[in-house]
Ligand SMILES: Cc1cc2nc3c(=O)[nH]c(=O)nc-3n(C[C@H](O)[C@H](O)[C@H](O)COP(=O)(O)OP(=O)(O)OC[C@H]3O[C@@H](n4cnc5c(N)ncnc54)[C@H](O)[C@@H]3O)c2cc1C
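Form predicted on its own, single chain, as structure tokens, below.
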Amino acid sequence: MSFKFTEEQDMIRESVREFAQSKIAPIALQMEEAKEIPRDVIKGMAELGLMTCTADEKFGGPGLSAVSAGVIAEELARADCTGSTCVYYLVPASWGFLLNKYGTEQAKHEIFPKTLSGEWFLGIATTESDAGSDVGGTKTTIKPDGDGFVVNGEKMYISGVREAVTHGGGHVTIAHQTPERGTRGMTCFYLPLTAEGITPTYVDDLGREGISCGGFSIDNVKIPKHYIIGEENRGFYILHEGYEYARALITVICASAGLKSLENGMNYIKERKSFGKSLSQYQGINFKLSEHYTKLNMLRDWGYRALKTIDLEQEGKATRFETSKIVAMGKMFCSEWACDAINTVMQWQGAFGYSRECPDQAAWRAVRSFSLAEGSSEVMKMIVARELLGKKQY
């Protein structure tokens, strides 16, 4: 499947690249040290229309396609070796897509203006202490209560908790409404983290430290009915559309981060000499470069194929299961291949590659997280096998 980027997408790439290279790249390691993305960077991203860029125009958003969203993700990953702004962008883009498609008009008019401006953060919160990729293992509950609902439970290892608590916003999440029905009794909804009954905790991540990671307990938190996303008791099924959007973006992000690291490595091996010749002249090094470059470009192309398939599904030209399989095929190896490439670049650079001054070590730590985020690599293999063999044979 081949396609060309449109003129609009080329313009998006140019504007995002200019912003990211001038405003983000120079301070990437500083953001990680400060454990915060500066508000002026977030404001700049919002002014470019990057925050919840999948929101429709009638809510104030640009209503970008999945492929266009991927162009933005690629340029942010190229500029930010820590991956922090990539996560700050991809999470609202993916779950803004789900809210835009299945949320109520009232909720969208209430939430999107705040997230589009960069004031609020829109996240995803499904992981619990005993439930990660197995969403069905969720213990959080949601019950009807008067003209709304009441939620109890906890979520853990969630991106953007501090941002939503401090500046406003909330997370798309899921809970059991009819527990006896298993996954057929789960409901998806928007949970504001500024609500009474939310108690946050914070976790120090290995990488991506410019955006917070943490969790929160949910003690009798009341939400209005218009915060329900999609049909009640159908949340398990629609939730995966948000996951797949995020997984496709992650595939492009990993490819871009790996290719940027290879670029750093090429600059280094051409200049550094050992035993009388440049490192680039050793086959043990330039063969590795060729292998990594080829694999990462294959990964990039597949990421865009996955994003294009998501767009085709919205037009009724691709099936739900076809999208799931193609997305999982990219997400399956994206972290592994990118980590391998970045690790090789770190090795080329010797002691410097192992120092905190080296941007590639930050990229390695960021990319490593994506083998777990939005569904582990093992779950991606399960999805592909299920689609190939059929549920009865799997």
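Position 1 is the first residue in the sequence shown; the rest follow in order. The model shown is predicted, which means the values in this text are computed figures rather than measured ones.
FYI, the form predicted in complex with the named molecule isn't displayed, but the following is about it.
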Checklist entry - Which one of 256, 82, 126, 187 is close to the named molecule in the model of the complex, taking close to mean a heavy atom within 4.5 Å? => result 126
Item to check | 193, 76, 158, 93 - the one with a heavy atom within 4.5 Å of the named molecule in the model of the complex | outcome: 158
Checklist entry - Quick check: do 323, 329 and 335 each get a heavy atom within 4.5 Å of the named molecule in the model of the complex? => result no
Next on the checklist: At 4.5 Å between heavy atoms, is residue 213 in contact with the named molecule in the model of the complex?
Outcome noted: yes
Item to check | the named molecule contact at residue 133 in the model of the complex, heavy atom, 4.5 Å | outcome: yes
Item to check | 4.5 Å heavy atom contact, residue 372 to the named molecule in the model of the complex | outcome: yes
Next on the checklist: Is it the case that residue 227, even though its partner is missing from this view, gets within 4.5 Å of the named molecule in the model of the complex, heavy atoms only?
Outcome noted: no
Item to check | Contact segment among 256-264, 202-210, 312-320, 104-112, judged by heavy atoms lying within 4.5 Å of the named molecule in the model of the complex | outcome: 202-210
